[in-house]
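What follows is one chain in structure tokens, specifically the form predicted alone.
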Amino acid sequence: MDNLREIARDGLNELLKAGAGKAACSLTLIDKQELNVDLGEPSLLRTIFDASVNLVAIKDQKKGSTAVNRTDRSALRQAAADVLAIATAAAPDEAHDIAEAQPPAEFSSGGSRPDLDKMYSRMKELLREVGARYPRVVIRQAILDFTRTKKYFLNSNGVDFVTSKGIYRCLVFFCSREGERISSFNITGFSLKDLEQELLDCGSLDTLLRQSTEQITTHPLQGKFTGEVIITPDCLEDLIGFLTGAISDGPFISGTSIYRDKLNRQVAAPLFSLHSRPLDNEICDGYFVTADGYAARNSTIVEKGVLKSFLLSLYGSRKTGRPRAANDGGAYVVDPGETDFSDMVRSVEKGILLARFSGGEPSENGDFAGVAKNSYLIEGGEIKYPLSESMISGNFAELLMNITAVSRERINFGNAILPWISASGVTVSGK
């Protein structure tokens, strides 16, 4: 480990010798074992190694950066020269800086090596169980991997962090077929600290496979209505992504964020609380150090509908004069509500269960339009039938304010823990 840290130290020293006033260097090593399934059969087991060095230099308030995949000293010397040349040609910006001194620390989570036999047996078990429970499901592709990541981060202010993480990740891409009829494709994934649990019982996989078989036959929506939407955990990150994107660097620096003056003010219904918890024991796929070199901390973004923090990096904070975030976001946890999912459905007179959304980026004020896929019509408090792809539109900011229920049930995806959320004011258009 000391030799690897010395590579990062060499990179940092080369930056300083090349003329950097402030500098940072990180060495990232990735060792991945990946098991692939194609069309229902294991097809490939491969090992992937990657090493990269990222170098950042600030000189005269100008910043340059680059990444290289060679770690010998001559390559680092050339990369450092290139970074300083980039900085020299850049425009000065007083907001450029590096993380201040913090106590050196080493962080670790997960295992150090994969259980390849268990990976294979769990994948075979998944294929066998899916074939028995859902014979019409076609697993187009499935990937189960174990990724071990080690990172060394140093800067000229004395920051010295080492992080190690080993995590299993699974991704499944599937549809269902009966004769000539085929359902819409769907995809889901989750992260695991170990393989003690059957893959079919992880994340939302079993639910989505069952729904896939139901979606072989869909029905078009007749006409148009504005009603309630129940957003599934798989789809909820679209709504969360709008909110967290709007409180991040880009919109704040440009002055376009609709939340720029909303700190400690209501931005969602009181039923909604959102946290970023990369260090939470229930989040196995989190992180310890931010991209700009700070030890990460858990944070609350929205508490009972009130915006409690922005997601600004060191640069965004210095550029806007607002507080730097405790972390980089992600690892999102939404507090459970007090309503059972079945009761949420019973309360909907007319609406949809939105399981997948396909559309472009929402506008700066939150307007969105796209296609509801793998979704269901709800009418009279009952889930009626799977919908053919239907247009859906509304405003994400308004949906947050119009949340009417949050489910007791939540799905732990390993990198997020999310419930079902019901909100009013979505427009659904059919034929």
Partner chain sequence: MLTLNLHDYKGLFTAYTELRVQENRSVNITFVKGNNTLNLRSSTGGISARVCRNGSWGFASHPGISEENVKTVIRAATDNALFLDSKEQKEKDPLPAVPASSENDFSTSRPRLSQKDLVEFIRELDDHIASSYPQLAGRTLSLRCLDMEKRLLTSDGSYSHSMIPRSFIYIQLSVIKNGSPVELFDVYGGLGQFEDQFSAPGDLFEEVARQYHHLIKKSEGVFADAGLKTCVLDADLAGILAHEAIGHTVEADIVMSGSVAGDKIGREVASPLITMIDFANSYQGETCPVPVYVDDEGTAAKDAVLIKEGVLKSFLHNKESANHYRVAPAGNARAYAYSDEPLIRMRNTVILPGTSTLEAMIASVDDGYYLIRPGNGQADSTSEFMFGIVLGYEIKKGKIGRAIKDTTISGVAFDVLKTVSMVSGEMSWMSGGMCGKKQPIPVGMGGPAIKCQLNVGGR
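None of the values given here were measured: they were computed from a predicted structure. Residue numbers count along the first chain shown, from 1.
One more form of this protein should be noted, the form predicted together with the partner chain, which is absent from this view; the next part is about it.
**Message:** Whether residue 35 contacts the partner chain in the predicted complex should be assessed with a 4.5 Å heavy atom distance threshold; does it?
**Reply:** Yes, contact at 4.5 Å.
**Message:** Contact with the partner chain in the predicted complex for residue 180, defined as at least one heavy atom pair within 4.5 Å: yes or no?
**Reply:** Within the cut-off, so yes.
**Request:** Classify residue 122 as contacting or not contacting the partner chain in the predicted complex by the rule of any non-hydrogen atom within 4.5 angstroms, answering yes or no.
**Result:** So residue 122 does not count as contacting the partner chain.
**Asked** Is there any non-hydrogen atom of residue 319 lying within 4.5 Å of the partner chain in the predicted complex?
**Response** It does: once the partner chain is placed as it appears in the predicted complex, residue 319 has a heavy atom within 4.5 Å of it.
**Which of 302-310, 195-203, 270-278, 136-144 lines the interface with the partner chain in the predicted complex (heavy atom within 4.5 Å)** = Heavy-atom contact with the partner occurs in 136-144.
**Asked** If you check in the predicted complex, do 282, 409 and 415 all have a non-hydrogen atom within 4.5 Å of the partner chain?
**Response** Answer is no for this spot.
**Asked** in the predicted complex, which of the listed residues (184, 157, 149, 211) lies with a heavy atom within 4.5 Å of the partner chain?
**Response** Result of the distance check: 184.
**Request:** Name the single residue among 128, 346, 297, 224 that comes within 4.5 Å of the partner chain in the predicted complex, judging by heavy atoms.
**Result:** Contact residue from the list: 224.
**Residues of stretch 73-96 in contact with the partner chain in the predicted complex (4.5 Å, non-hydrogen atom)** = Heavy-atom contacts within 4.5 Å come from 86, 87, 88, 89, 90, 91, 93, 96.
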